[in-house]
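We begin with a single chain expressed as structure tokens, specifically the form predicted on its own.
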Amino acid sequence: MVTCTKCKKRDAVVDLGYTGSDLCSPCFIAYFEHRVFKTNREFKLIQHGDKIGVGVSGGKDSAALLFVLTKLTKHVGAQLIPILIDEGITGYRDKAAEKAQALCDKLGLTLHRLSYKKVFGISMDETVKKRDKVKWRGACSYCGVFRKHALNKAAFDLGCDKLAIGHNADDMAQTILMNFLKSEPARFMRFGAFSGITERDKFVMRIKPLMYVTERECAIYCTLRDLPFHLQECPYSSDSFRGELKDFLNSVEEKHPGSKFNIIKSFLSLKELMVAAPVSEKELKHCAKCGTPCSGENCKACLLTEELKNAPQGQLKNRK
């Protein structure tokens, strides 16, 4: 067995290729939590008196996020409010929700739930069945918009000051590349440790405390901490462009450890150099239907909901 690089006492259970170190269980847990605490200090994500909504799904990332934030908020004096969005994916979300509830019970926290069905009048299963009769979109094109909208609504209605989401280093690197490949540089100005429009009504600023830890590290942390989490992949995720970039980045990271963090660091450095014109009040509006901030007459969530509502019934074809 390999001995822990840090304490030199116990057997290592984790190898961190990008640091060249092998860590035992206690040292890895301390390393993981230190990375999250450091991210919080660097970007001042959570401060004394904050009421923090936490997006939980039952998966490894949100489980790691919620557990670490219970430790962090005890230091800074903030309140946590776990929020679960039920997309309505039979055999997937219901099982994951059980894990999320088990974790909240373990931590003594009340889990707040909100469903797509309640907000949009349609579940994700129903959305997938109808989408082939409208302009073709991948399932994630709908779900990403709906989930963000529903999380924001829940956090706002619960009076949260900020909304913590479980985006890790993998998610961050994927999003950065996606915005480049889709030629959407304007999105960069609202992306980072904080994201969103701070000055707009009905919007809760999103924060990403896990941006300097990887997806793999979240899974290991949950396992070592014996946290309940659900491992199943979303049955509709095969549609995702993000999934293709995930495979690509994992391949690069295996050959060149640290590449994901380098993408994030490069982005943050470039962002500091960007001279972005501020978005004027005239360019930002409120959705005529739901009132959330948007750039047009209606927000993307309402547009997609209307699109699905007007679509004829149809069966999903296996297209990508």
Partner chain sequence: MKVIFSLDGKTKEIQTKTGATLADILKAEKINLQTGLIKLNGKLTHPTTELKDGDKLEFVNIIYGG
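Numbering follows the first chain given and starts at 1. As the structure is a prediction and not an experimental result, all values here were calculated from the model.
FYI, the form predicted in complex with its partner chain isn't displayed, but the following is about it.
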- Going by heavy atoms within 4.5 Å, which of 218-226, 113-121, 141-149, 158-166 lines up against its partner chain in the predicted bound form? 218-226
- Judged by heavy atoms and a 4.5 Å cut-off, are R242, K246 and E253 together in contact with its partner chain in the predicted bound form? yes
- With its partner chain left out of view, choose which of E98, E233, E184, D201 has a non-hydrogen atom within 4.5 angstroms of it in the predicted bound form. E233
- Query: Considering S237, N179, T73, S195, which brings a non-hydrogen atom within 4.5 Å of its partner chain in the predicted bound form?
  - Reply: S237
- Determine whether any heavy atom of E307 comes within 4.5 Å of a heavy atom of its partner chain in the predicted bound form, and answer yes or no. no
- Does its partner chain get within 4.5 angstroms of any non-hydrogen atom of C7 in the predicted bound form? no
- Query: Can E297 be called a contact residue for its partner chain in the predicted bound form at 4.5 Å between heavy atoms?
  - Reply: no
- Taking 4.5 angstroms as the cut-off for heavy atoms, does A311 touch its partner chain in the predicted bound form? no
- Item | Members of 1-38 lying within 4.5 angstroms of its partner chain, judged by heavy atom, in the predicted bound form | M1, V2, A12, V13, V14, D15, D22
